[in-house]
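Form predicted alone, single chain, as structure tokens, below.
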């Protein structure tokens, strides 16, 4: 049976993290992942935009057992209690993914403060709700709040520089995310085969674990991460295309139907984003080249300097997904989409990944003369 330091740190059976993907709710996916023995992550980006994208907020609160008129703190409290109730019988472990970029920082504090309060008020929750995962922003300054409350703290980075920043900040688990990853990706295209071993060499020690992300989707890629010295792998696109996934059916079907060279990069909410290649995303990429060329040059811009028509286009396209409009839909996915050909149940998928990983790792010693 495969086991790594990640398993021991948070109490999961297998060294796999289900990515906290947004913008839609993944409240049901997180439960299925946690109950399958991996770390399930709740996305929280669906509560950021009640006024501008109410269709996303509505879907989130409905799967949280909340109400549309609830404020962010109330919604988060309800989804945390719901998730705990649904994973406790199987010993599932889960966490929340919180974007901490400047654009959403005021909401980040509300979500994390609520998570800390609710867990303290419900001590049994501590057996299952163990992780706060921060993303899309600077980790510095969060240590006292997150680790001081007893959570394991994970943060995702796209570079060695970012990993060093995590070390300085006191992050427990650094997730090194290669440019293959779906949706939010880095301004500079460093891919997992280069990034992951570099971050392992730079940051992995007794106090700090490293996990790979970006392109990991099966036993072959999980085995590769472990052999390169990582403590596990985070998978997003692979979990998106499952039966329990909350994502819209056309999004899941788009991943399964994706073939060779099936993705492209264009502007997203907080920088570059990887999308399934469609006429709509191709149009978005052309517009990005004209209006936000830094996406392709590694030069960051933000809402104060860029042409906001790109963000408007993205919002319209995400709404089209929600409405089932394939022609106008933008659907994010990692390069791993071209390796995904089915839509299994989460537990069946996890067990297949584990079997394949174990078989590969058993054969590794045979390569030594």
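Numbering follows the first chain given and starts at 1. In this text the structure is predicted, and so the values were computed from the model without any measurement.
Below, we turn to the form predicted together with a small molecule, even though it does not appear here.
In short, of 141 to 149, 279 to 287, 234 to 242, 201 to 209 it is 234 to 242 that has heavy atoms within 4.5 Å of the small molecule in the predicted complex. Every member of the trio 22, 214 and 333 reaches the small molecule in the predicted complex with some non-hydrogen atom inside 4.5 Å.
Contact annotation: residue 97 falls within 4.5 Å of the small molecule in the predicted complex, judged by heavy atom distances. When the small molecule is considered in the predicted complex, residue 247 lines it closely, a heavy atom lying within 4.5 Å. Using a 4.5 angstroms limit between non-hydrogen atoms, residue 135 touches the small molecule in the predicted complex.
In the predicted complex, none of the heavy atoms of residue 269 sits within 4.5 Å of a heavy atom of the small molecule. For the options 254, 162, 92, 182, the residue carrying a heavy atom within 4.5 angstroms of the small molecule in the predicted complex is 182.
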